[in-house]
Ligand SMILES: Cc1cc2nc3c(=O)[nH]c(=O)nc-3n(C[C@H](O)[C@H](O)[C@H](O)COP(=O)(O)OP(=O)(O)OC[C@H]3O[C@@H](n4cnc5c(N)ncnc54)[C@H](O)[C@@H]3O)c2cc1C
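Next up: a single chain in structure tokens, the form predicted on its own.
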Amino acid sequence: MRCDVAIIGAGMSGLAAGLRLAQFGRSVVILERHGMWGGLNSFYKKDGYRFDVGLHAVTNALSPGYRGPRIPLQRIYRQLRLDPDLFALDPQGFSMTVFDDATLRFSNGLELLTQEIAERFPGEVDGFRLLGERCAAYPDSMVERPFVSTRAILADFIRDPLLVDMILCPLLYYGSAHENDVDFDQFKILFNSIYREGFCRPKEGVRRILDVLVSRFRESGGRLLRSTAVEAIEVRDRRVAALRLEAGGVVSADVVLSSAGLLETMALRTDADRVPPGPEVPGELSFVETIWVLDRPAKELGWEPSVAFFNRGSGFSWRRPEVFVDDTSGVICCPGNYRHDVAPEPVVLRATHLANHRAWFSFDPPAYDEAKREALKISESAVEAITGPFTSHALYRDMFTPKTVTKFTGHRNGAVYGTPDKRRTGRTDLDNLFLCGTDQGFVGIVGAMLSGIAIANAYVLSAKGGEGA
């Protein structure tokens, strides 16, 4: 099979890149290993219930009538020629960060969070306002720069270590592959995405966004091949000569984009044993997530936040834990607490905790099953300490672990955010192989789509007379 562009992986970045290119008349084939598209942000059905995977929130909410500099969701709508109503995004009510000694609420826009900081940390509010000004402009995310510690920068604005941790906790949970820190450019992106613009959610869950991308891609002439895994990337003369498929056959293309991850992509190369190792290492941060189906809306049980980030004990630790599941911090998501005009079904509560991937991969099958049962108990106890009792109203439970992440994404160590060392330009040492998605450095649903668009613009359309970014 021959095409202009072949894309490895039908996640958000691969689909957005494919749609962008197909709209400009390129012949595009997307190769997806699994039977369902979506990658890190997909959906599945089990025992009659339909669940989202990965979707706590869509960031960068675009308020009705917004007037100002173009922000990420506007860029996506424009670049992919989509009507904003197609994603059917509803805003959050409010979210919050809960530590032992303080709680901070936030919503879309900085006003509520600034007010909360003024009340709980009155001596820090001026510094927070200055921090907001420092973060106002999005950095150029495709420029390679050395890592700059956010914790070091925050010391110039915020003196109270509790407030530093409370500001960082949601942002690190949402997108940092670095242990106990995040690059300051990435911090600015996350600060704007989560605090300044805020959370929203599709009425029908992540499937709504995926269905729009897939249907538009196909309507534009693109081909999506499911259950089609790439066995090897054949390399000749510093170029990808072809993609060899596990089921047989090859795909050849002028340009190859890979959303599989940097290390995972490099491992597919036929010359992998001759490529000098780079500085990149597998990420260490992975998670367990529990999903409860409830018999009534969470608000009827007294729980109102759309998303809550919590931490118990002194100091917030963002690193691979020593134990197999770390119940000292986590994220609690309640899709029914967004401002939907019709409540989503089923009624779901989700909790995410840091996990030790080494432990999970070391368990034999009986030990693995027992660890899941124990992790469920640990998670329920930790979450009920924040939300109040709810498990007596649970109709169904499901859980995924670092092994699940690796099975469905291919990411080593179950590292949701990939390697800490990003290739922000998307370039590899091969002239026609480029990265998009997590290891290019854009995170989250919005970031992934922007990554696919940016790489498509930079290395295909701008080179061949298409519209630039």
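Please read these numbers as outputs of a predicted model, since none were measured by experiment. One rule holds for the numbers: they count along the sequence shown, beginning at 1.
Omitted from view is the form predicted in complex with the named molecule, to which the following refers.
Though the partner is left out of this view, M12 does reach within 4.5 Å of the named molecule in the predicted complex, counting heavy atoms only.
The named molecule in the predicted complex is not approached by E124, whose heavy atoms all lie more than 4.5 angstroms from it. Although the partner is absent here, D326 lies well away from the named molecule in the predicted complex, with no heavy atom inside 4.5 Å. Among residues of the shown chain, L21 is not one whose heavy atoms approach the named molecule to within 4.5 Å in the predicted complex. Scanning I71, V98, A242, L268 against the named molecule in the predicted complex with a 4.5 Å heavy atom cut-off leaves one residue, L268. Not one of C169, F187 and E284 is positioned with any heavy atom within 4.5 Å of the named molecule in the predicted complex. Of the candidate stretches 407-415, 62-70, 426-434, 43-51, only 407-415 contains residues with a heavy atom within 4.5 Å of the named molecule in the predicted complex. Looking at 198-231, the residues that come within 4.5 Å of the named molecule in the predicted complex, counting any heavy atom, are T228, A229, V230.
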